[in-house]
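Only one chain comes next, encoded as structure tokens, the form predicted alone.
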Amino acid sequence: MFINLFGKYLISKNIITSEQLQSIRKEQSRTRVKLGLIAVAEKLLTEKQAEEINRKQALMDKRFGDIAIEQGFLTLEQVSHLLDLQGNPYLQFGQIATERGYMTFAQIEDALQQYQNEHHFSEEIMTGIKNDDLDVIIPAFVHEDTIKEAAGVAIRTLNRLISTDLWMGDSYMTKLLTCDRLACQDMEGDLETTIGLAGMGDSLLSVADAYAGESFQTVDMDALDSVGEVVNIMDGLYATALSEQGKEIELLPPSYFDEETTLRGEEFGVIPLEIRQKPVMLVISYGSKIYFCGE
């Protein structure tokens, strides 16, 4: 996420162009290696063990390394070693930008300091951003405590299942939101909650195409069904976390809207995202349902 967070900031300050950011993004994506592949190459895991961890990761809201440690496949020291081999996103960005003459390292450092100052980020948060550490990045942008847990589950799920090409902006609370397309799901029981992905135009195709492994021509009900599957996974993981806290939760069937829809409620959270450079809104209510135009 570092490349998108910092890259968009640089564009807003007219330091680099969107075309230059895109070229850095393409180069960086070619050099990113999954932890499992590195572990197999280092002969710390067999292919069978790596595949087993990948299967578990699809069902659990946990990182590859955390699962590997829990299963006794790797030690904490070995996981740290593998993470070092993956490459630091900040240094990758710096190397590509300087090699192509877009910025010097001194300019990058100055811009990073300005970015930190404008957002009032601590050194710990900046280190997390440089390392693409979602456990640090998410609470830095999601300011409302009530929705932080659900947001964390949702964004980590998108990062794992849809794309690492993510950007997020500051969350905000609202009582009204209008969107063109929406897939959402309610929870009932000890806690009423709604989680959904909303978009304008065809932006939700960034989720639908990636999850289904095909190219939809428009955000129709088939595409929304694909988005709904992703929302269902988010909700399932969040419901599991709530049940572990002693809450009785029931998931209702997902709801889909393929035309302009107005969301309203007591107050709910909206987290602006970009997924594969397409704007998407993550919508989360906590303790109350979200209602839709006509309900």
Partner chain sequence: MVSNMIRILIVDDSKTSRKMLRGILEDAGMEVVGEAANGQEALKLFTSLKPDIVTLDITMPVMDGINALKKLMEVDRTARVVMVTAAGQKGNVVEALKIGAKEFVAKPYEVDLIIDVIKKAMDK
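Residue numbers count along the first chain shown, from 1. Please read these numbers as outputs of a predicted model, since none were measured by experiment.
The protein also exists as the form predicted in complex with its partner chain; that form is not presented, and the subsequent description refers to it.
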Problem - Partner-contacting position among D222, D110, D84, D190 - heavy atom within 4.5 Å of its partner chain in the model of the complex - result: D222
Completion exercise
Among V136, V79, I96, A212, just one has a heavy atom within 4.5 Å of its partner chain in the model of the complex, namely A212
Exercise for the section: Tell me the stretch among 212 to 220, 136 to 144, 191 to 199, 170 to 178 that has any heavy atom within 4.5 angstroms of its partner chain in the model of the complex. Expected result: 212 to 220
Handout entry: its partner chain in the model of the complex: contacted by all of E229, N232 and L252, heavy atom 4.5 Å
Key = yes
Problem - is_contact(G236, its partner chain) in the model of the complex, heavy atom dist at most 4.5 Å - result: yes
Problem - Contact of A41 with its partner chain in the model of the complex (heavy atom, 4.5 Å) - result: no
Handout entry: Any non-hydrogen atom of K26 within 4.5 angstroms of its partner chain in the model of the complex
Key = no
Handout entry: Non-hydrogen atom contact T46 with its partner chain in the model of the complex at 4.5 angstroms
Key = no
Problem - Heavy atom within 4.5 Å of its partner chain in the model of the complex - qualifying residues of 59 to 74 - result: L59
